[in-house]
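The chain below stands alone, shown as structure tokens; this is the form predicted on its own.
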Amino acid sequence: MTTTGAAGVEGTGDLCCASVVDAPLSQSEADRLARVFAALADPVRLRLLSLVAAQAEICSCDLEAPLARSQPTVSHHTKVLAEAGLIVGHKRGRWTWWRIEPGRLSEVRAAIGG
């Protein structure tokens, strides 16, 4: 099973290991962490992440109605979250099915000292 973003882009999987509360971040660590926070800074993406997290797996087609957004908009937002490594998806027919990436969420929590 191949995991890709909405446009076939694989998640980067590169998050800094240091915690922002334990030691100063290097420039590259700060850049990587900022990309994840930027993905989470949009209210639609934050809701989308919570919808995906509430299910073991969810079809893109089932995200349009709860988000009140069109398929192209949902696709854009899933792509951003996938590129940040927060969700992973795989194609089934014409739709992509998404699931949360729990390891990535754990890394984000650790990075902010949680």
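Bear in mind the structure is a predicted one, so any value in this text is a computation, not a measurement. Each residue number is its position in the shown sequence, starting from 1.
Here the subject shifts to the form predicted together with the DNA, a form of this protein not shown in this document.
Asks: Do residue 32 and the DNA share at least one heavy atom pair within 4.5 Å in the predicted complex?
Replies: Heavy-atom contact with the DNA at 4.5 Å: absent for residue 32.
Asks: Just checking whether residue 93 would be counted as a contact of the DNA in the predicted complex - the rule being heavy atoms within 4.5 angstroms.
Replies: Because a heavy atom of residue 93 falls inside 4.5 Å of the DNA in the predicted complex, the answer is yes.
Asks: Any chance residue 26 has a heavy atom within 4.5 Å of the DNA in the predicted complex?
Replies: Judged by the heavy-atom cut-off of 4.5 Å, residue 26 is well away from the DNA in the predicted complex.
Asks: Is residue 42 close enough to the DNA in the predicted complex to count, meaning some heavy atom within 4.5 Å?
Replies: Residue 42: yes, in contact with the DNA in the predicted complex.
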